[in-house]
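Structure 1 and structure 2 below are the same protein chain in two forms, each given by itself as structure tokens.
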Structure 1
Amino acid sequence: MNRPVTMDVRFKMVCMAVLSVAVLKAEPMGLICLSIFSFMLSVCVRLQLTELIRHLRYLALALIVVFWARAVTVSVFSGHSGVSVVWDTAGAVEGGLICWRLIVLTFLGVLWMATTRPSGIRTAIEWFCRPFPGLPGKQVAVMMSLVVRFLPAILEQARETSAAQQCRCIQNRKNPVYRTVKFSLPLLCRTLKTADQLADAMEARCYSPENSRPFAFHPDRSDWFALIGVAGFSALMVWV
């Protein structure tokens, strides 16, 4: 899924940070433009949208919870039965905007991970940590690169767990809490087991962040032009 790119990783990280701030601050018109821009980026890198949606379908559950938490107000001290449920239109609009922003942020994060090598992420984070004394930049960089590297593996484990549960007709259970527990616990156990195996493999190979080869940065004018363009576009989207 990772593809080599010519843009400097440090500039790419700053661009993604600027776009993320713009997504959080933009109004609906700006969010529309940012969404179109994210879609155009996915087309440029040839990201498989159907595969992405299939892997992130569980995010819809969290978005539904966020939306209903904003759209519905429950009071236990009013109403004839002691409980009153009120639909809040303003809260529903705000909840929809929050879900929209979360979707765009997730999309940008997947684009960043799909187009950046873990070695480049590790070295870029280490470079950004250098000005802060006492901060273990190498350890932080290794942890971040491992998270990016093994997130697709965790999603694949989630797909396999879901397929195994479907073979056992777990989805026929009407209790959503039961289905969630039966899905979460096996996935958590498999993830922890994979993490233990990775730690043992790294220890067996005497891996140390101090011995890792640095990733070579090659910034040029196009990186600065891209950064200035993204910053200007983000500021415009926040202003509109």
Structure 2
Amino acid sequence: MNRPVTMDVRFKMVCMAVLSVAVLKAEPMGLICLSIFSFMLSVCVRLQLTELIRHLRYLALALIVVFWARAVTVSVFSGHSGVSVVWDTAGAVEGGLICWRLIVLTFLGVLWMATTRPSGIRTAIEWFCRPFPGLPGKQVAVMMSLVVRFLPAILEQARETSAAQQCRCIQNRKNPVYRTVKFSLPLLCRTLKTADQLADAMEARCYSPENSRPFAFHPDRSDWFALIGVAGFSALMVWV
């Protein structure tokens, strides 16, 4: 049942890449099928949809902006009528389509994050870097997996800073610039310091990219089937 969880990371990465390209290229018919497919995947891995929606509410804001930018044409005249706002149906359809693609892409991204361990991501990146001699695969991989691990820590820190400021009645301040500055500077300071400490802590425990624990890949026949299936399906969806 939990196929994607046990799938070989490299295969999963390629599948995700293929699916993403398909989502970007597909026409509405194909996009419907791809959406249904991603939804079924999320059911398979038992992703909590309510949780997901809560995390993505800021994306919704960005999408609304994108949609309006496409759907509405605002022009400013020098004449007496001043500003005119024109609804553009073709643009609205196009904007809707863009939003839809972005939603499915984000959805796939969340699926990937939810089912892949950072160490898996790291080793897969390392593996893909191997054929390119100049590329410091290990360093790139460690950096990316650190980012993945570090992001939640930064978010947690942001929550703490905001909570501490609320304790000192920051809500009384109505000036958004003041609030943004007072919030972002300490957070930035704190993040840089945490990064420093993290680096020190890693060195103190004799960290070096060379001697990090190898992560075993377990490719099997079903991975190939999944890859071929996904690739075929994506090609079909782009083609229809």
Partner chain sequence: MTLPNIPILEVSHLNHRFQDGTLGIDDVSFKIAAGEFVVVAGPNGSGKTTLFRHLNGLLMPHSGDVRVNGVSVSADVLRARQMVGLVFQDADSQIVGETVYDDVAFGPENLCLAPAEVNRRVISALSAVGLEHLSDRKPHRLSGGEKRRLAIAGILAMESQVLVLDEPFANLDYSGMLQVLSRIITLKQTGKTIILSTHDLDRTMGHAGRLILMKNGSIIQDGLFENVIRQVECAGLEMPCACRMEAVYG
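Since we're looking at a predicted model, the values are computed, not measured. Counting starts at 1 and follows the sequence of structure 1. C-alpha atoms forming the largest set that superposes within 1.5 Å between two forms make up the rigid core.
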Which of the two shown is the form predicted alone: 1
Leu155 C-alpha shift between structure 1 and structure 2 of 2 Å or more, rigid core reference: yes
Core fit, then Gln165 C-alpha moves 2 Å or more between structure 1 and structure 2: yes
Backbone CA shift between structure 1 and structure 2, Thr191, after core fitting (angstrom): 5.8
